[in-house]
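Read the single chain below, which is given as structure tokens and is the form predicted on its own.
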């Protein structure tokens, strides 16, 4: 299928927001989505953006029954490994169901990898839900290593009240 991958623009944030919700529904976590397209605009298109995003577009003749030509996205940001150096973390990779298996997901992920390599990143990292075997198999088939299985790493999070409580324990300036 003919498609194009390009850097997202501020005006794409409503489409990105729509697909974030579609991904959350697929991951059975729709109730956890709290970001709005306005927050995506602020956080991704300010002078110091928190993330970068690529979108996949198809020509009008392949648009969805609802009229969408933006059919996938990859949202990523940069991190730093004290052991390895510059890294890129892919937060989301999503392609609408009717467009899967057509090379769009691979194209988005390869473009994130290309951007990372151009910025001298030494690795691309991501997380996959344990039950999401199709995605896990996809990433492993492309050469990703399952660090949970290989090295025993756990992915941890502080949020909400636990983040606030921890922040209040910071030494005073």
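Numbering follows the first chain given and starts at 1. Given the structure is predicted, the values throughout are model-derived calculations rather than measurements.
Another form exists, predicted in complex with a further copy of the same chain; not displayed. Remarks below refer to it.
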item: Contact label in the predicted bound form: residue 9 to a further copy of the same chain, heavy atom within 4.5 Å; value: no
item: Non-hydrogen atom contact residue 61 with a further copy of the same chain in the predicted bound form at 4.5 angstroms; value: no
item: Contact label in the predicted bound form: residue 89 to a further copy of the same chain, heavy atom within 4.5 Å; value: yes
item: Contact test in the predicted bound form: residue 85 vs a further copy of the same chain, heavy atoms, 4.5 Å; value: yes
item: Sequence-ordered residues of 38-54 touching a further copy of the same chain in the predicted bound form, heavy atom within 4.5 Å; value: 39, 40, 42, 43, 48, 49, 50, 51
